[in-house]
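As structure tokens, one chain now follows by itself in the form predicted on its own.
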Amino acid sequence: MTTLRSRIIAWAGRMYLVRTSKKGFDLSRMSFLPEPVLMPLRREGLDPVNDLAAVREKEPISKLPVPIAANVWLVTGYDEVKAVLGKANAFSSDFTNLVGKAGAGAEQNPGGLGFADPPVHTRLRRLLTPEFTMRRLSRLTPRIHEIVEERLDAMEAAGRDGTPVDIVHSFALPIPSLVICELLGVPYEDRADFERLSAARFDLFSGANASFGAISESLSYFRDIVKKQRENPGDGLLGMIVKEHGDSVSDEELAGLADGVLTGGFETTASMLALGALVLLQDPEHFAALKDGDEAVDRYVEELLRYLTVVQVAFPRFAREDMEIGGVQIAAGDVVLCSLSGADRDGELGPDMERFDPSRNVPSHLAFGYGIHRCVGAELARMELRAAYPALVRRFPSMRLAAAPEELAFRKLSIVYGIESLPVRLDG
């Protein structure tokens, strides 16, 4: 078991490096894209670049200078983003909008919820929603706490002699990867195969062949898992759907749903765990608040979600019809990109939203999106964050950064923002 877990953790580290390495899918190579297009994917440390706030202040909906026939709009205002994401009938998220119905990569449609429109989306979400209720998820609570404690034990062993420990690879990455294994019901003997599931799934501007090849590899793996669940359904998400819905849901649909759970629940939660830890480490008062009181946990988690908003841009929306949003005319066929990180820092939500402040009345943030495509696994992510942050602080009350803040390496361009490593000393 220990060897298997080590292999999963090693896989998680390799996947993270693939996404951040210049040898992987590096959006910074896409120099042909105008800077205003790349600007929503940039940050300065933990904060969106100042240009994003300036654009939001001047034009919450602005046209991007892109070399294509259709208009492309960037939406940065909170109300305007909610308006776009809430108009499921007026916008399409279907995968074929990106590749064409018979274009290159169309046969590698990842399925799942993110790239589906009603009525397909409606039916698939109804399959998943019961498995993500708090009642169903509660069965994972003991296991989540066990996984967190196991990772803390491993960190303690690694840092016992004062050696710096990397929170990203020792804590933030393995927790969601192991939780997703539990959720899906992936058999232990199959879990090492997760090393093949590397894909820069959120690098929508990357080369199509590489991206679609990664989707194909991932779906192929999950088809094998689905086949085993058909033969012997377990108590995980896939097994429960097979038991309750049988042949009314196809193998392709199940594989797509599983791939979507991995895509939406691994990298995003790992980034939140690492970046959230950095926020806490930078302020002793915040760090101590989580150590001393459970009542602070929910407030801190919600404010960290808003402040960090690691999914910086929502999947693109394609206008089905002419419409007006925020006083701007959007034409049928236009492409709309919603900046979630920009919207969650909008001053319309309250004063000084560029600052982390867990004492504020937390607004309804957009870290999980909004509307019919709001992340179905939002409560699972919250469960992991609520378990992990206090446990980390209480186990290592004297923990401190082992590198100067200016030495930390963040992703330069990424739809899911993150940090490459976060070295700490556990003994203070």
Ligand code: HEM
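Keep in mind that this is a model prediction, so the values were computed, not measured. One rule holds for the numbers: they count along the sequence shown, beginning at 1.
We do not show the form predicted together with this ligand, though everything after this point is about it.
Exercise. Using a 4.5 Å heavy atom cut-off, state whether residue 268 contacts this ligand in the model of the complex.
Key: The answer is yes: residue 268 has a heavy atom within 4.5 Å of this ligand.
Exercise. Answer with yes or no whether residue 63 is in contact with this ligand in the model of the complex, where contact means some heavy atom within 4.5 Å.
Key: Flag for residue 63 set to no.
Quiz item: Would residue 345 show up as a contact with this ligand in the model of the complex if we use heavy atoms at 4.5 Å?
Solution: Outside the cut-off, so no.
Quiz item: Does this ligand come within 4.5 Å of any heavy atom of residue 386 in the model of the complex?
Solution: Result no; residue 386 lies far from this ligand in the model of the complex.
Quiz item: Any chance 168, 290 and 391 all have a heavy atom within 4.5 Å of this ligand in the model of the complex?
Solution: Checking in the model of the complex: none of 168, 290 and 391 is within 4.5 Å of this ligand.
Practice problem: Pick the stretch from 52-60, 378-386, 36-44, 395-403 whose residues have a heavy atom within 4.5 Å of this ligand in the model of the complex. | Solution: Contact-bearing stretch, as computed: 378-386.
Quiz item: Just one of 241, 311, 74, 147 has a heavy atom within 4.5 angstroms of this ligand in the model of the complex, so which one?
Solution: Of 241, 311, 74, 147, the residue with a heavy atom within 4.5 Å of this ligand in the model of the complex is 311.
Quiz prompt | Contact residue in the model of the complex, chosen from 183, 172, 277, 304 - any heavy atom within 4.5 Å of this ligand | solution = The residue from 183, 172, 277, 304 that makes the contact is 183.
Practice problem: Pull the contact list for 339-375: residues with a heavy atom within 4.5 Å of this ligand in the model of the complex, in sequence order. | Solution: In sequence order, 340, 367, 368, 369, 372, 373, 374, 375 come within 4.5 Å of the partner.
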